[in-house]
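Okay, here we've got a single chain as structure tokens, the form predicted on its own, with questions on binding and movement later.
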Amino acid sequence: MKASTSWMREFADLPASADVNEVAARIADVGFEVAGIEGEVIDFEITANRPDCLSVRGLAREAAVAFGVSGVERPEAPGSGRPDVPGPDVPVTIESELCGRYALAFADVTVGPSPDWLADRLASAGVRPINNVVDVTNYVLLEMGQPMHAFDLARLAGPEIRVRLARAGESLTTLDRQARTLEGSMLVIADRDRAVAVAGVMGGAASEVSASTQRIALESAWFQPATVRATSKRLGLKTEASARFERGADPAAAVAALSRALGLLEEMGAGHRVGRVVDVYPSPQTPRAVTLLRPHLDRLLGDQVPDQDVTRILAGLGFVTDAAAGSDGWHVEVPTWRVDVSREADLIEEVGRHWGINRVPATFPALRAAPHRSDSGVLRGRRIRRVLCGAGLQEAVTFTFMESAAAAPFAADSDSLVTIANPLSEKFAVLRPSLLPGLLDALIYNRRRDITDVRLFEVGAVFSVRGEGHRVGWVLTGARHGHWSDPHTEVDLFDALGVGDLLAEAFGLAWRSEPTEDTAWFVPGRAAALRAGNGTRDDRVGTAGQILPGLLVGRGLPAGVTVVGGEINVDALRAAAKTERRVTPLPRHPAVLRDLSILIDAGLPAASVRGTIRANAPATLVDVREFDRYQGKGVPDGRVSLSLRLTFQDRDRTLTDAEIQQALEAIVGALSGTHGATLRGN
């Protein structure tokens, strides 16, 4: 597609005195050449709030302002008509307030093919040419945005026109040859005996213009948008007319469109106006008046648009402006075709978009007060996201609603699920009891697309009949390190616990993990409860473990894939976290490392061993880590060899060997007395 300057060059030679009709003709002549496509059509996408742009004139009005040419509307000449031929007497009655205006004009016509220029323009706009009378109504619709309809006057009973609500069960065969049953809420155009058109949607076949038609009645009206929209939806019938009426047509255009259509018929030699135009307009609409103040314009737009440019833009778009007496601003009369403009901010938007948002200088808004401190929950969420994203996990956002069968394995019991009274479908039948189901679905989605290493987390609400809670959940699968030097080591329970350790450290929380068997979604023996506290408190804040393979296979993951994960109650995390965190300088004195290998019962958790060591060691013990676990030759049945590395350090001095040996003896004695441990080799 060519650059926008190509479009602008097409208007460069337009004189400043060019009116909107000349601009409209130039748009029609520019064609697809601007887009690098052969033909004489430009396709625009119009938003629903701008029905005035569903016409060539509406677009020409915008182009005239955009390219700096005058855009003065020109009244339509209805043609001289035939004064020697008396017009028909057709009474028009509006029986429903859903019709605000109904105009009717008459013409003697000779029905035949349209001239090439008219047929070609309709075809280029996607409208099938039918005959010269119908084609003129479609042409005026595209040009002015006003839908019209032509009746064969001889086929109207009476002849008479009544705008009324349909009778219950009344039927009408529309122009598409479909028999339609009407409802009592639908507005119809009727003659003396029956409905002959669905108002604002489509005419009826019984009164359509045919080759034998000699005199027509041209209809041009305004219907309330809501009734046309409802009728079009109920009938499943979308037309060019309904698309304009349901968005808001221009009530002032009804008679002008009739004049334009009658003039075209006379210009083509296809017909002559006879009689007078019948215009029933019970409650003429008064144009809206809006005041535009200069201080508000400058503040909201962020720039000072010169007065002459404000007047030029608004006048070019059809607004009537008058300087506000005694104030810095304008009184603006909104044209009837601008249904989207009802307040001062709308006028400022009109000025801004034609002045050029790109011309508004980039400035920071003035702060007149200190910003409010964010909610503590928001701050906790930010900290969690920062920590886990820094550790290489990616945040996922999953649905709060889910399928009951998928939620049941992760609920405390089936009665705790919160069901939706009117779900959109079975897939959204309950509120999630846990973050893990949604995270597992996201993990499986990635695995199916050949992403083997997946690390996801989510912070969000979970629900049960006992209330709502906030949790952070995570799932991991694939290689532990993701490095070429060790590509085959998969994640396990300890990686899931490591995520919990990161969160505990971020919140200054002392906690421990211990085996648990009360989580039905974890593999037995590979699940841990995360508890906060140092002995005086014993609060469970979460769980971690390996997801049951059966749950994964049931959700579509191939067998043999290991997935670990966990959840932590964010509210409990906050309650257990330290309110103050101390920062200490780095130690200046060296640390002393000692390795200790002991034989203990195979079922004894390592966390218990660490707890016993810390409880009986001096304050100089700063770290305890397991680095080896052996079970086999040389180790009695039911026992395991556990090797630990102890780190001793004092911030004020260097420790002596005697102090280290005394501490080791106290630790070994405590392990022996508490757990029956023995030093390996003794």
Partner chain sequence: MADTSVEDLKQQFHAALDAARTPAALKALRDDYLGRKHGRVTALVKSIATAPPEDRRTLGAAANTLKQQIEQALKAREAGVAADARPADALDVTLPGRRGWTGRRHPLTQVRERVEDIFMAMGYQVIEGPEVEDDWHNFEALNMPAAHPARDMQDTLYLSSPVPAPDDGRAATLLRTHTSGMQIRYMEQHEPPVRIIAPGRVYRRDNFDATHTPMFTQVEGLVVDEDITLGDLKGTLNAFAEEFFDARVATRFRPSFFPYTEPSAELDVECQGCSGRGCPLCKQTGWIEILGCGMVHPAVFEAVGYDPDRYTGFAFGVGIERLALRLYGVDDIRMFYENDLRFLEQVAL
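Think of the rigid core as the biggest set of C-alphas that the two forms share within 1.5 Å after superposition. Residue numbers count along the first chain shown, from 1. Keep in mind the model is a prediction, meaning the values are calculated, not measured.
Separately, the form predicted together with the partner chain exists; it is not shown, and the next lines address it.
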inquiry  = R385 versus the partner chain, in the model of the complex: is there a non-hydrogen atom within 4.5 Å?
reply    = yes
message = With the partner left out here, check for me: in the model of the complex, does some heavy atom of R582 sit within 4.5 Å of the partner chain?
response = no
request  = Answer yes if any heavy atom of R229 is within 4.5 Å of a heavy atom of the partner chain in the model of the complex; otherwise answer no.
outcome  = yes
G603: touches the partner chain in the model of the complex, heavy atom cutoff 4.5 angstroms = no
task = Using a 4.5 Å heavy atom cut-off, indicate which stretch of 198-206, 514-522, 607-615, 449-457 touches the partner chain in the model of the complex.
result = 449-457
ask   = Of the residues A123, I420, A168, A289, which one places a heavy atom within 4.5 Å of the partner chain in the model of the complex?
value = I420
message = Can you work out which of Q631, T47, T647, T654 has a heavy atom no more than 4.5 Å from the partner chain in the model of the complex?
response = T47
inquiry  = With the partner chain taken in the model of the complex, which residues across 277-300 come within 4.5 angstroms through any non-hydrogen atom?
reply    = H296, R299, L300
message = Does S434 move appreciably between this form and the one not shown, meaning a CA displacement of 2 Å or more on the superposed rigid core?
response = yes
Cα displacement of A195 between this form and the one not shown reaching 2 Å, rigid core superposed = no
key: Exceeds or equals 2 Å, Cα of V387 between this form and the one not shown, core fit   = yes
